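Same protein, same chain, two forms; see structure 1 and structure 2 below, as structure tokens.
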Structure 1
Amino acid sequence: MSKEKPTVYSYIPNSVPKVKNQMLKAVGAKSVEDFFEDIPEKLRLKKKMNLPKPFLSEQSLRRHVEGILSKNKTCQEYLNFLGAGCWQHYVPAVCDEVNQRGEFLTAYAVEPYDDHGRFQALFEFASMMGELLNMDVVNVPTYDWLQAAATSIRMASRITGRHEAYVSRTISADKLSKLRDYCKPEIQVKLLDYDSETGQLDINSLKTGISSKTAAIYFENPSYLGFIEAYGDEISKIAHDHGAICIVGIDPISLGILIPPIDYGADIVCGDIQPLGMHMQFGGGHAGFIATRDEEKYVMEYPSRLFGIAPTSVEGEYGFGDVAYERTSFAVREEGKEFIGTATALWGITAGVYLALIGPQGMQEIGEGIMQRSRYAMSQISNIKGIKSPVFKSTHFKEFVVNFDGTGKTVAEINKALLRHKIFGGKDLTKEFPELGNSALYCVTEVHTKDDIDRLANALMEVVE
């Protein structure tokens, strides 16, 4: 039997057999398999992957990829009421225009002399975020809210020397998993109960659990389930009375109408800037921020890069650069507080463009518009027989829980039927929060019109009948 002729791939360098053999010989390997000998046999795939044969022409490859992409369903074709951490907001065209400029798009981890304005752009972003949050220090964005929250807890642990954190049980399962993974083995993450009628954090649960071992209390406002936490000042007071740090996770687009968390006692504020000029795309784009007061005990515990402004040797001239660079893992490597990793600086620049364009009055108008639309949606859906909307007796922002127990249909069945109406329904919560019964999390933002909401209500009425 003749041996199968090796394929030379057009787009993969060094795939010519002769070149590949020379490289293997240079490193003392007999085959590519030698590089994977540390991986246990039981973890190795023993069969060929289910992939098409190699495409040896650009035209064939392009046609194949376009065929795959044509199967996508997008928010341009469908009405979307999915949120749960990645939301559909309006993205002004200037955000895309600026973040695609070459000097920003390609300026990764560069120094000031070839920076092309990136440091200043990120300083401006941090300044506007600081104004929005009424806080002094804001980091260059990290991966996402999940990491920002986990890092905030680690910062609190280092500051207090304690190794226990309490988190509201209304947190998303994904975020809770990330917090526990990121904090172990040093920090134990424990859950606090919530009031079954209002969703609010159970103050008695907090008073019972908190102790001299507690480094931080973390809650979100608005919560993952959409309601606004009304007792932030009481939660932060209890935390402070026990020497713990109060951390609040927030959706920044809510701050046009809600007071910033520092006003009710937050020490560290974190969240995601995805609502500020970023499209929903494959679960992103996401970028987590952390904000604190300008106090050394907080600043020196940031693992992230911080940008500041300072006068140069030329009178009247200013420059932009790293603040306290020596605390980062870039400077001290394995002795750093945490590994910085890849920042999402491009999204920080994007959010800066968004905030500069919208301004304080615009943020207020967007917040009010979201509140009005979500309230109207809750009212219209609640008129449908067998549906309860919202589940919690609290004020909501943007998202709310809808219960379908009285319809005799599951959320999965309802969402599948809504697709026939070209509508993405709410996120199924039956696994995350089984105590809420057959419920889903719905999201309404400024992109939804009255006609959109009426279309959803009419489709739901038809689906559940």
Structure 2
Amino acid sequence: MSKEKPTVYSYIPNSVPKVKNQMLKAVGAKSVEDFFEDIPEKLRLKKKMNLPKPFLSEQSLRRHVEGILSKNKTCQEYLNFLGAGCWQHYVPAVCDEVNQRGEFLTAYAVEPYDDHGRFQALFEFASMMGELLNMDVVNVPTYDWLQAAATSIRMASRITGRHEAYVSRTISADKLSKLRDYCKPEIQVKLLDYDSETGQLDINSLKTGISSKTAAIYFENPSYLGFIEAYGDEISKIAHDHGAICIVGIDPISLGILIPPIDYGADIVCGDIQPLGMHMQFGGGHAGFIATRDEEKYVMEYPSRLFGIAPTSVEGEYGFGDVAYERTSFAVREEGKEFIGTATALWGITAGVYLALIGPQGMQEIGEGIMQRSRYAMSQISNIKGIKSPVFKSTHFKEFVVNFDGTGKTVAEINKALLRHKIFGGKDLTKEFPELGNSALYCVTEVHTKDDIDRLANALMEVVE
């Protein structure tokens, strides 16, 4: 590439000067400037953009980017106990294989004729989620659990025509922030207290607050703080008694051993499918699902795309298409339900692959295994002087709060010290839940072996001494 010759970019076939000239000639233009004639001179950028010098060759580009990325320490090099909304689960190779297929990776969003496979894969994703959840309608996933929860509440508000929602105070600060922003135009979000000993949602505070203005009650199971909410039936009954909708947020990886929320009265269930085959990717693996019964009043309030099965002109041939497209903002702009656009379809397909791989047995085994390991971790850690684990007297699934008040050290100090052991300690909760003192949220999954947990316990022992 001598300096005089203009660069021919490998991503831009027609950057070949000769071809450009041919094409300009074909359209009768003198230069590409002709095409920009509608853009007023004043608005034209006169200078060259001030961007870093490019790495024109793929080889030098790769070396540059790898150089930057090599500054990251991974959860393979370090032992990781962070969860709190993004979880380290094992990703089967087949999940990666399918979502890297150029066909799925680079397709988009139009007619089902060219893209039958995409429709079928997403229909199957919804269908398998439906089995996990014991529910008949599941959306093509939205951005993440935050969005799914926020939309669930707005759906409830539209269904009930009410403008107030109760939310368990054990949800994450991030989710609460999202709910507040997203519900603001229509719904007032109010908090429900929790029992300081068990963490359980405080039924009395619910009973006191709820009224005929209440659109929905939202709580999570397992909760953000890791314990299992035991009184789902009661909560949903109270909601229903007041004409409100019961929304439950769940971690789908728990559903091999935990009962689907619909069975204790949930009307809308939402959550994140990141645990089902998505790498953590610094938080890039999230995708939110929403599920309901197959009732028109629910279905018509989804903003998301919903793919349904349909016959074709050939006998026995499965076709697919958008269900009730007229709901969507694609069809009717601001008259649609909230809005729809690019979401997280590839993660939906991947979660479908995950569920097909793991099967019913696997769901049970992974759930049980996670409980066993996290319980083991809680007990190993709680043996250490000054540490209390778990903080709440409830059954926990994969996460649990660890309190360090007795050690005289802050969570921040402990986590810094753990780093030197190549361990990522649990999420510092001191800002989110000051009432819990010096506490952190630890997460243990099927990726952790006994040795890993013992290593954590030993490191903590050293660190707090």
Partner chain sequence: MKDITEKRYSGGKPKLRRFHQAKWDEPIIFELSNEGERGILIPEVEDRVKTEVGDVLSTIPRNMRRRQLPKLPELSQSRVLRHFIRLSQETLGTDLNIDVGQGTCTMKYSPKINEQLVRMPQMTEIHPLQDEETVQGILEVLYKFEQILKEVSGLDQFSLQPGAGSQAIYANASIIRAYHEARGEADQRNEIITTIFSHPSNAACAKTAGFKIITLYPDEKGYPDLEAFKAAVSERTAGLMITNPEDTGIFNPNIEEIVKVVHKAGGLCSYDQANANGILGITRAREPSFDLCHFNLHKSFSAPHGCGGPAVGAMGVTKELAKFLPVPVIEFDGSKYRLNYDRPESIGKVRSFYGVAPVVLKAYAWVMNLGAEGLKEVAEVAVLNNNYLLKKVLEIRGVSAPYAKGKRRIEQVRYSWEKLTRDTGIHSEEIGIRAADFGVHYWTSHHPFIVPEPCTLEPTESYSKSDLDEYVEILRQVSDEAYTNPKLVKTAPHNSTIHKIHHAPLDDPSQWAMTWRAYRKKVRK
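Here, rigid core means the biggest group of C-alpha atoms that superpose within 1.5 Å across both forms. Residue numbering: sequential along structure 1, first residue numbered 1. Fair warning: this is a prediction, and the values are worked out from it, not measured in the lab.
>> Can you tell me whether structure 1 or structure 2 is the form predicted together with the partner chain?
In response: Number 2 is right.
> Fitting the rigid core first, would the Cα of Glu37 be found 2 Å or more away between structure 1 and structure 2?
Replying inline: Yes, because once the rigid core is superposed, the C-alpha of Glu37 moves 2 Å or more between structure 1 and structure 2.
> Pro434: with the rigid core matched between structure 1 and structure 2, does its Cα shift 2 Å or more?
Replying inline: It does not reach a 2 Å shift.
>> Lys450: after superposing the rigid core, is there a C-alpha shift of 2 Å or more between structure 1 and structure 2?
In response: It does not, since the Lys450 C-alpha is displaced less than 2 Å between structure 1 and structure 2 after the core fit.
> Core superposed, what is the CA shift for Pro52 between structure 1 and structure 2, in angstrom?
Replying inline: Taking the core as reference, the C-alpha of Pro52 is shifted 7.1 Å.
> Once you lay the two forms on top of each other by their rigid core, how far has the C-alpha of Val65 moved between structure 1 and structure 2, in Å?
Replying inline: The shift comes out to 3.3 Å.
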